[in-house]
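Next comes just one chain, in structure tokens: the form predicted on its own.
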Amino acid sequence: MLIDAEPLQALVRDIFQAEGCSEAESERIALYLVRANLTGHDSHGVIRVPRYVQWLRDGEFVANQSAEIVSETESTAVVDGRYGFGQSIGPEAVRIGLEKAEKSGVAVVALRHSAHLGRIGEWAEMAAEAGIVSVHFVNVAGSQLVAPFGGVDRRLSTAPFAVGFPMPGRDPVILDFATSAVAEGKVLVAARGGKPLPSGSLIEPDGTLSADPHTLYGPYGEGEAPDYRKGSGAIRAFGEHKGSGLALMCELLAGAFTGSGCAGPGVPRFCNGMLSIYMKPAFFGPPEAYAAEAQRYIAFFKSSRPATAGGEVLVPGEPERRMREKRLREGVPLSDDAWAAICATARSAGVDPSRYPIRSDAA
């Protein structure tokens, strides 16, 4: 089914407001979740609503928190999210980094104890809009989902990584991916009847490769929320040893270095850590010089002959921008199962989903 973004965002906002989030925070949660869907990152979109609500009710997420600066210098800050929603904590941490980079040229922000930060590309885009280059290493404490290269046991979180590179006069380059073969949310989407997983993206305890969500979630019935703690298999790291190594560095930099905690036993509470580096181009040379060279190189990069007839070489960020335009025009695709789960969550919060002018054309 296809659902218009505006009423979908209103429904999500009202669900979280009914659950005790402020109007402003509810607006932010809804905005960023729907924006993830619009860019094609359905794994970090509204399919997360039932899980977010359950974690809020269980006390894993805390409503209406603000980022707390634990320590700082002119160019560094350690920030504690106090388990507040990442849609509130994330932009606050980025703003701290942007303000310091504007004054000092370079800033490093160590964020710890944030609830789910959502699509990390949002924070790279936010920095790029301010003309700041940014690099983000992220991990998930209290999460074990991914097997390292050469192993079958879960030892890593999905450990996202993102880079934002502003391009004066044109769209920025935004690189944003999980270091796992697929984000856990994509397994959730597949389990909810959405897009199937790529072949071999999961691994069974005996080393057999799989694309069946039950590998990660174990048995689950219709209408039952899949729980990754019940499965015996794991997600694979992308790129064999290279993705596994980058994931390890995300755990060390975003988990151990920030004080947020790494994946694995002994960390009972789910949270994101993020180590972010912000750089103002003007401190490194004339902005027009770097912009001209970057534009020249991107044109050269894209001039490579397509590998398939009618194909095209794209730079990171282009697929998301095109998808946003398409979905704003045509609607956000959701499987019937995912929509049913959101509606059930809405009703449990005292929100009637039938009050919203949702369009439900066949996808």
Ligand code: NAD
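Position 1 is the first residue in the sequence shown; the rest follow in order. Everything quoted here is computed from the prediction, not taken from an experiment.
Keep in mind the form predicted together with the named molecule is missing from the figure; the text below concerns it.
- Segments offered: 229-237, 201-209, 102-110, 172-180. Contacting the named molecule in the predicted complex at heavy atom distances within 4.5 Å is 172-180.
- Proximity to the named molecule in the predicted complex, taken as a non-hydrogen atom within 4.5 angstroms, holds for one residue of Ala124, Val140, Val187, Val146, which is Val140.
- Proximity to the named molecule in the predicted complex, defined as a heavy atom within 4.5 Å, holds among Ile120, Ala247, Ala191, Ala93 only for Ile120.
- Mapping the unseen interface onto this chain, Arg155 falls outside it, with no heavy atom inside 4.5 Å of the named molecule in the predicted complex.
- Remark: Lys280 does not count among the residues lining the named molecule in the predicted complex, judged by a heavy atom distance of 4.5 Å or less.
- Heavy atoms of Ser276 never reach within 4.5 Å of the named molecule in the predicted complex, leaving it off the interface.
- Put simply, His214 is far from the named molecule in the predicted complex: not one heavy atom of it is within 4.5 Å.
- The putative spot formed by Gly97, Ala130 and Ser260 is not touched by the named molecule in the predicted complex; no residue has a non-hydrogen atom within 4.5 angstroms of it.
- No residues of 1-35 lie near the named molecule in the predicted complex, the criterion being any heavy atom within 4.5 Å.
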